[in-house]
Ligand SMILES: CC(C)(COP(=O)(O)OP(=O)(O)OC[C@H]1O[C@@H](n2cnc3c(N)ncnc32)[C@H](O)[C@@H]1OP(=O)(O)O)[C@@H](O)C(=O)NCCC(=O)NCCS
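Here you get one chain, nothing else, as structure tokens; it is the form predicted on its own.
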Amino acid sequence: MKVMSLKKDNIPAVMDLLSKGKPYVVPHHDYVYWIMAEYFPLSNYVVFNENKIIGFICALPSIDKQCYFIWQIVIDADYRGKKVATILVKRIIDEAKHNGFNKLELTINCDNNASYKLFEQTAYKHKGSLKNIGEYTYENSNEIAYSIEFCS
């Protein structure tokens, strides 16, 4: 497996992968991912297995909150449970630390037990806890916002 920054050429494969991640993640307009690749290459990554993209994470640094916000993470169904998500989240934590931040924030759909477990384990591994910091509910969306602090 190889982790690389998101590139413009990766966008169609990433959008395809995201479309298979419903209901927890959905692709947005390809322009959004172009912005991520062009302006945030060090917080948006893909994982390749051979020549196939099998994972994607989209995160954004927040100067205001002094954290990295993980917006989307998706793993190909054939590779779930094989630590691909853990590799991607670690890459974001490393980037956050490099930039002097010691916190991640993210949202998890109330029904997404796999994501909850991933981030609960991430917090534990970094001697922290997954703290509920809020909720977002709109139409069919029910997301809980979480924070993970780690040693920088």
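Just so we're clear, the structure is a prediction, and the values are computed from it rather than from any experiment. Note that residue numbering begins at 1 and tracks the sequence as displayed.
Below: the form predicted in complex with the named molecule, not depicted.
- If you check the named molecule in the model of the complex, you find no heavy atom from any of Ser5, Asn10 and His29 within 4.5 Å.
- Exactly one listed residue, out of Asn102, Thr86, Asn49, Asn99, brings a non-hydrogen atom to within 4.5 Å of the named molecule in the model of the complex: Thr86.
- Picking from 91 to 99, 104 to 112, 33 to 41, 61 to 69 the stretch near the named molecule in the model of the complex, with a 4.5 Å limit on heavy atoms, gives 104 to 112.
- Using a 4.5 Å cutoff between non-hydrogen atoms, Ile53 does not count as a contact of the named molecule in the model of the complex.
- The shortest heavy atom separation between Leu118 and the named molecule in the model of the complex is within 4.5 Å.
- Though the partner is left out of this view, Gly21 does reach within 4.5 Å of the named molecule in the model of the complex, counting heavy atoms only.
- A residue is said to contact a partner when one of its heavy atoms sits within 4.5 Å of a partner heavy atom; Leu130 fails this definition for the named molecule in the model of the complex, lying far away.
- Although the named molecule is not shown here, in the model of the complex the stretch 58 to 78 places heavy atoms of Ile73, Val74, Ile75 within 4.5 Å of it, in sequence order.
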